[in-house]
Structure formats: C-alpha cells, structure tokens
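Provided below as structure tokens are two forms of one protein chain, presented individually as structure 1 and structure 2.
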Structure 1
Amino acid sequence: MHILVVDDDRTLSDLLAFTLRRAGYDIHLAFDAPGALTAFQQMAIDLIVLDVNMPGKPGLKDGFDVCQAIRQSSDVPIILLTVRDDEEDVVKGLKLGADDYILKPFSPRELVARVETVLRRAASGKAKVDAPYLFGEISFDPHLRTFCRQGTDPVSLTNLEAQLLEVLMLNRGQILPAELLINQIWGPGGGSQEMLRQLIRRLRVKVEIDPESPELIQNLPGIGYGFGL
C-alpha cells in the first residue's frame, strides 16, 4: 500500500513518513507541488497526504492546485494537512476533491486512523461525499467528537458514539447492515446486536430532537440503520 506524502517541511515529512511506515505503509516523499505531480505520475500511489501550503510554480502553486490537477485524471484518496485556523482551507480543499483532512498538530494515532478510514472508504467503492460532516442544520466534528445543531448547544459524544455517527454520516442516505456497523465499530469478532442497539439508543438521545421519533437515524427492520434517509 503506497502513500505519497507531500510537504515542504522536511521535519514534518520525516515524522509523517516514520509514523506511516511503522503502520505498515510504503512511503514516498515529495516536497513541492511539481514534485508531487511527478511522483504521483511515476508511481502506483494508493493515497496522498497533502500539505496545503507549499512552494510551487505558476499554475501549480500550492496543495490546492495539486489536488485539482490530480482530480482531473484520478480519484486516488487525498488527505489534506492544514492548521486549525484555516477552516476555509479545509472547505476549499474538500470542494476540490480531497477526501478528508488532518489538523496539525496531530497524534500518530490520529494520522493512522484517518488514513485507514479513507482507505477503507476508497476500498468500499463509495462515491465521495461533499462536506461529509454537514447535513442541513447539522454539523459534526469527528476530531473533537462534537455534534452541533443550529440553535442548540454543541453536544459532546463519546468515542463509540462518534465512531457510529461518522460511519452513518459518511454513508448518508443509505441503510447500513447491522453486521457491517458492528464490524466497523468493534472490529472483527467484536460487538453484538445488543451492543449496537444500546449505542444507537445513546446516540439518538444525543442527536435527535425527539429520540422516540427519530428523524436522523432510522431503522430498516431486519437489515440495519441509516442516516438522513
């Protein structure tokens, strides 16, 4: 599994490479926008970790241009690297076709988790969702595990609740089989219908206006659950 890391900052590149190699990936480095395109064209890359700010040249001056150029001919998964102050950058990048983002500073575990999530989504063949954590008046921040509905206070979710909501929102409009949800949240061999039921319950209590008449998270009997149907 080959990952291309694009960042002009050598210290950060080395950290990224070290972390991802340790997680079992083959890493290739590029340090500017033209180098990124060249590397991508010369190697079979499975995912790109792409810093937003980096030196380039006219027509290819930063990470956004790289993202846009790659998207003209490929749907390889792209994860943006940006700092927290640059939320416009995140939105811009996602609109240009990036799949996810990582906020600096990040923990190694966060990085690996993001990479694995994005690779899983790509492997499942699901089309990308624009603004995956927005839905009408609702927004969800998977990094802070915070659910926001306009006009109400932000709600903090627990780790498992946030994982469930993330999977549901990334696959909005569809019913996900219970078995798949259990597998994604508890891993192979973990979890149970019972545990999923309780987790659904807890999540509904936190995110639905009236949990007893749920509108966001709905059930198809005998199959599973979906978000935003």
Structure 2
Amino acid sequence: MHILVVDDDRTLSDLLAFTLRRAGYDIHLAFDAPGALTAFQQMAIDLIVLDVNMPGKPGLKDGFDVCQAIRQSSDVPIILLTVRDDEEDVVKGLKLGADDYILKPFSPRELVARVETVLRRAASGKAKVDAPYLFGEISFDPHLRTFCRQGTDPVSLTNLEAQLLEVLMLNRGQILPAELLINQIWGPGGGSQEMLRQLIRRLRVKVEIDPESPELIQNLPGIGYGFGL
C-alpha cells in the first residue's frame, strides 16, 4: 500500500513517515500543495494523509484546494490533518470529499488506526455486488458506484456516498438510527453525527430532484434516516 503524506512541517512529516513505514506502508512525501498534486498524478497512491494548512500558490493554496482538485478525478481515500478545531473547517473538508480528519496533536497509534480503518472501508466499497438496485425510475449500481434516473446520465458517487446509499436501499422503508448508519459507514468510533449529516447532504445533492425537499432520503429528527418511506 502506497501512502502520500503531505505536510510542510518536515519534522512532523518524517515522524509520520516513520510511523507508517513501521506499520508496513510505502510512504511518499510532499511539502506543499503543488507538490502534493504533482506526486499524486505521478504515482499510484492508495491513500493520502493531507495537512490542511500548508503553503501553495494561487488556485492551489492549501490542503482544501488539493482535496478538491483530486476529487475531480479520483476517489482515493483522503485523511485531513488540521490544528483547526473550528467545526466549519471540518465541515468544509468533508463537503469537499475527505474521508476522515484528525486533529493535531495525535498519537502514532491513532494515526495508524485511522489509516487502517479508512483503507478497510475503501476496500469494502470496491467489493460490491454487480446487480443494480432498482426503485421506481431509479437505478443504483453499487459495483460501479453510479446512480441513475430514467432518461438521465449516470451520476458517479464516492465510496462513502455509495456505501450510505446501499445501506439505505437495503433497508428501504425503514428509519435507521443515526448511530447504526455511522457504525455501518465509518465503523465504531470512526464517525460522528456531523459527518453523517454532511454525507447525507452530499448524497441528496446527487440523487434528489430537489435536495432541499428530498423525496428519496428522508429523516426523522432525533432518530435517523430512511429511503423510500
């Protein structure tokens, strides 16, 4: 497994690289936003550990911009590193397609555990059944991670979006508790209510005719979410 570590703090980068190499991963390093994107484009990367606050250039000035640029062409798992504990920054990273985030400072054990969890989740997302799920005029293919309405072009979903939609469609007509969904998507202790809300919001944008008045994915405040209620 090849991991790209991106952080302008050289001392921390060396520590992260040492920790992950000791856990058995092949590590590549970049120290700014342009270098991160170049490294990703030139190498076969399985996961990116990406610092949010680092130097860049106009149009590619920080980790958020790198995340956004990569998400235009790839679903490679991305873990954001940040010292910012402002909820808005966390929400922004998740909306841009990050799979997880870790607040600095953190322990080497926590880093390895989060990397392993995200990689397992990405692998399970690829091991989907071939048969599509059908509901009225819509079709969802969990293998290709595409959603389609009759008469429209397929819409690509990220790994997390596809996993969430599959769980909801498998339990069509039922309200699933938020904690159950969090455990199904991120694993025990790997997600939060806010991460789930942001993922629901992103999925609705892709599958609902009007995301502000959803018909497919509905919620019962304080309890959870359901599909096709």
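Along the sequence of structure 1, residues get numbers from 1 upward. This structure is a prediction, so every number in the text was calculated from the model and none was measured. Throughout, rigid core stands for the largest set of C-alpha atoms superposing within 1.5 Å between the two forms.
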Worksheet, complete the sentence: Students should recognise the form predicted on its own as structure 2
Discussion item. For L164, does the CA position differ by 2 Å or more between structure 1 and structure 2 when the superposition is done on the rigid core?
Written reply: yes
Worksheet item: If we fit on the core, is the Cα of D9 displaced 2 Å or more between structure 1 and structure 2?
Response: no
Worksheet entry | Residue shift check between structure 1 and structure 2, rigid core fit, R204 Cα at least 2 Å | yes
Worksheet, complete the sentence: In Å, the rigid core superposition gives a C-alpha shift for S213 between structure 1 and structure 2 of 29.4
